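Only one chain comes next, encoded as structure tokens, the form predicted alone.
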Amino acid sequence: MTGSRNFLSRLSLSLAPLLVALLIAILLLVATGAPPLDTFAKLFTGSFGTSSKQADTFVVWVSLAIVSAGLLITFTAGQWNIGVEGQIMVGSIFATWAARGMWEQSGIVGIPVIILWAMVGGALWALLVAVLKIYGKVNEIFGGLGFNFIATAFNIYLIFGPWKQKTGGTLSGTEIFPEALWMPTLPELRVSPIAIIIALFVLVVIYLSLRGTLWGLQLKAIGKNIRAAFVLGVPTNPLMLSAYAVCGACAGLVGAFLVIIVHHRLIPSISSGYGFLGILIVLLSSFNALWLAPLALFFAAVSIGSTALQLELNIDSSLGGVLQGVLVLVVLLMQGIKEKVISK
């Protein structure tokens, strides 16, 4: 009897955040004059209603799944890697640089090289934040935000300067890559099965690394108490550097996909806010890798489906972001309450 009560108590505490978030979302919709049922229906059909919408949703899912998997590594080590946006952007820059050097190459040779250089670029940019944190005692939040601004400025400089189009509008980005350097996608759709497979592979590798390796165990020890881990003989500095490098490589991989699958060029706002959404996904997952894929799919669906709100219900598409923010805040609040209840 006691066991069943405990189970029901844990279940109610787990479902409470979602129910509260849903209630607040409904109240917000009513307050803005939006019909709740129609809004939720349009969000769903706008993201899964057609094969094209499904493909667009999975394009976003690939980016969110990979970047959140990388962020989980640094978060496990107790590092708030806010600079992941810049790491995505630098990955895109490295990918574009590699593509420009292989303009005449076939995709079999060019695409893997582009991806590799993008991952190197993202890793190097993340390591700069780590070096400032470890050896310069600069908080990773400030260091990451600073490098985000630098990456953005450098990206714009390249688009308007050395990599400026010979013809056409500069704001649209650099010259379009040759089709040989586009990653293959499904016919008339933007989604690449290869990218989905790679995203699933990254999720599995990150899950197994954190769950069943000494490296993952040591990262968790650092995240719990870095001083105690150091005293016990854990090589804290090399491990933190490795965590940032892995996260940056994942961000660079996302940057590569954005230029060789989605845009086929480097554009000013290439990162699309995926880095910040990845942070929210990791927080909602409670640092559990198993939840990254479904949460990334939810955020991808809201991101794509929210465009239908403006087209069909005359509701500003930013409402999707509001709903995402409400969900995150409520879930984090309820998780804190849940921990206090369980501790008692």
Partner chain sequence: MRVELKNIHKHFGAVHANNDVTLTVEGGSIHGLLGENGAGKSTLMKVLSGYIHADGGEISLDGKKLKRFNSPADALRHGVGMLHQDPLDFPPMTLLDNFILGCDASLLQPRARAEKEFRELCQQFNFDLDTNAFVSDLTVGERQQLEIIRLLWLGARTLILDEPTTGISAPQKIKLFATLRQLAADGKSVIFVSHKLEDVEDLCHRVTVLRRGQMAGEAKSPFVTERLVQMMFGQQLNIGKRPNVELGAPVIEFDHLTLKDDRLTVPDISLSVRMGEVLALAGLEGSGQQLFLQACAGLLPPSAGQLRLNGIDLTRKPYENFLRAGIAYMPADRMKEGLVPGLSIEEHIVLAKRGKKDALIDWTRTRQTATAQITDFNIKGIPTTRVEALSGGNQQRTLLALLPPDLKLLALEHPTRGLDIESTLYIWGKLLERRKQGAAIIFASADLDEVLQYSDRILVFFGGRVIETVRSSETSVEQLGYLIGGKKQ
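Bear in mind the structure is a predicted one, so any value in this text is a computation, not a measurement. Positions refer to the first chain, counted from 1.
Below, we turn to the form predicted in complex with its partner chain, even though it does not appear here.
This chain is displayed alone, yet in the predicted complex one of S192, S242, Q218, S272 has a heavy atom within 4.5 Å of its partner chain; that residue is Q218.
Only one of L214, I197, I108, A153 lies close to its partner chain in the predicted complex, with a heavy atom inside 4.5 Å, and it is L214.
Look at 175-183, 218-226, 89-97, 114-122: in the predicted complex, residues with non-hydrogen atoms within 4.5 angstroms of its partner chain sit in 218-226. Although the partner is absent from this view, F160 stays clear of its partner chain in the predicted complex, with no non-hydrogen atom inside 4.5 angstroms.
Proximity of V234 to its partner chain in the predicted complex: non-hydrogen atoms within 4.5 Å are present. Within 4.5 Å of any heavy atom of its partner chain in the predicted complex lies no heavy atom of F142.
Although the partner is absent here, F230 is a contact residue: one of its heavy atoms lies within 4.5 angstroms of its partner chain in the predicted complex.
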